[in-house]
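Shown next as structure tokens: one chain only, the form predicted alone.
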């Protein structure tokens, strides 16, 4: 991993809890890591800091709730070693390549829009997660937000997407964001939860791995009900339409149906890992049946199948902010041990035990709030699946019938689904679900959309063109 007589060059991609903890440990160990952070400040989504003018309005207690003390400790610890970290805020890493003689080359766009390249001997990828969306007719209308987007407006701008929004989907974020909106002066029109009470009850033994967090979720749901906000369990949002006064969500369950009017809609079924950079490196991945997602394979300490590349945080599986801190520190310790720079076997063992408990809780959440994979097969024909390219469910079904593609990448080539600005982040799993349902195949058979550089849009006029940069 580089020349052992020289100080190793370490890069970290992602400035959330995992990246911050990894950078802090490496700095304390005498290295000077380069931290590439797409956001203007460290913290990620969960510990996002508002712009300086809003910090007197959005106190830590308001921003982070019960996690305020932990969030401030993380920021404080990072600031204590910030002068030993090359923190490049507002910087997007849009490609990463293995170099012929070892190490990695990262291509990035700086905060001012300029392009650059960075070589390193080892890299920790901690790029987090994004919303997981199940499309429905009307989900592309103005006034419809992702759950994470609605939370960003609150945390980053001290604004609500609406005074009476409808929240629909599943997962802990559904109740958290609805509770945050209610606490900040909004009055959600309803919370439509696709999960059933029976599913949550079955998951209780695994959720007991983190009893305080499980009880906090129950308290949020109870607080919403006490405020008179309808919480409809076991129900799915079927379609969204605009009205003269706002938005209307039509929903149904196994026993009833109805409609809810609000002034905005936030949707989401949990989160999915942002793993494009790891895929570009060729890290092995596997389909995880519990989460219904493709995940990058790692050992218990974050090592990938590519020597010198480590994963941490939600990029290695959705486990939340606490687990991200543990995983970031553990990946950094694994890197230091592999470099023979420094080691702490007892601390690594403690972190592995902590993450094992977090993993049990994660499996409980996946059981309590399963992604409704079965609904993909019955999406109405008019549903827009790929919003970037305007590809509907009926267009994908026709392409599958006409061409019988063997995998989702062939379907992409035949339909353009996944060729737009988001590079298949939102539509990839849905397209694969339609393919598996229509051809009677398994997720492992049809695969997942291959990552392409640049992983996010950058100006073509400033594109760095070098061997292997863009294929």
Partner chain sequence: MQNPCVTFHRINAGSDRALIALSIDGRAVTGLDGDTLLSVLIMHRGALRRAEAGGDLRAGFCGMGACQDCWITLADGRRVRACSTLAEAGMAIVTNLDHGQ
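Computed from a prediction, not measured in an experiment: that's the story for all the values here. Numbering follows the first chain given and starts at 1.
Although not depicted, the form predicted together with the partner chain is the subject of the following passage.
The candidate spot formed by 196, 287 and 357 lies out of contact with the partner chain in the model of the complex, as no residue has a heavy atom within 4.5 Å of it. Only one of 399-407, 25-33, 57-65, 432-440 lies within 4.5 Å of the partner chain in the model of the complex by heavy atoms, and it is 57-65. Proximity to the partner chain in the model of the complex, defined as a heavy atom within 4.5 Å, holds among 203, 190, 323, 161 only for 161.
The partner is absent here, but in the model of the complex a heavy atom of 246, alone among 103, 172, 372, 246, sits within 4.5 Å of the partner chain.
Not displayed here, the partner chain is approached by residue 146 to within 4.5 Å at the level of heavy atoms in the model of the complex. Contact annotation: residue 337 falls outside 4.5 Å of the partner chain in the model of the complex, judged by heavy atom distances. In the model of the complex, no heavy atom of residue 49 sits within 4.5 Å of the partner chain. Although the partner is absent from this view, residue 412 stays clear of the partner chain in the model of the complex, with no non-hydrogen atom inside 4.5 angstroms. In the model of the complex, the residues of 262-297 lying within 4.5 Å of the partner chain by at least one heavy atom are, in order, 263, 267.
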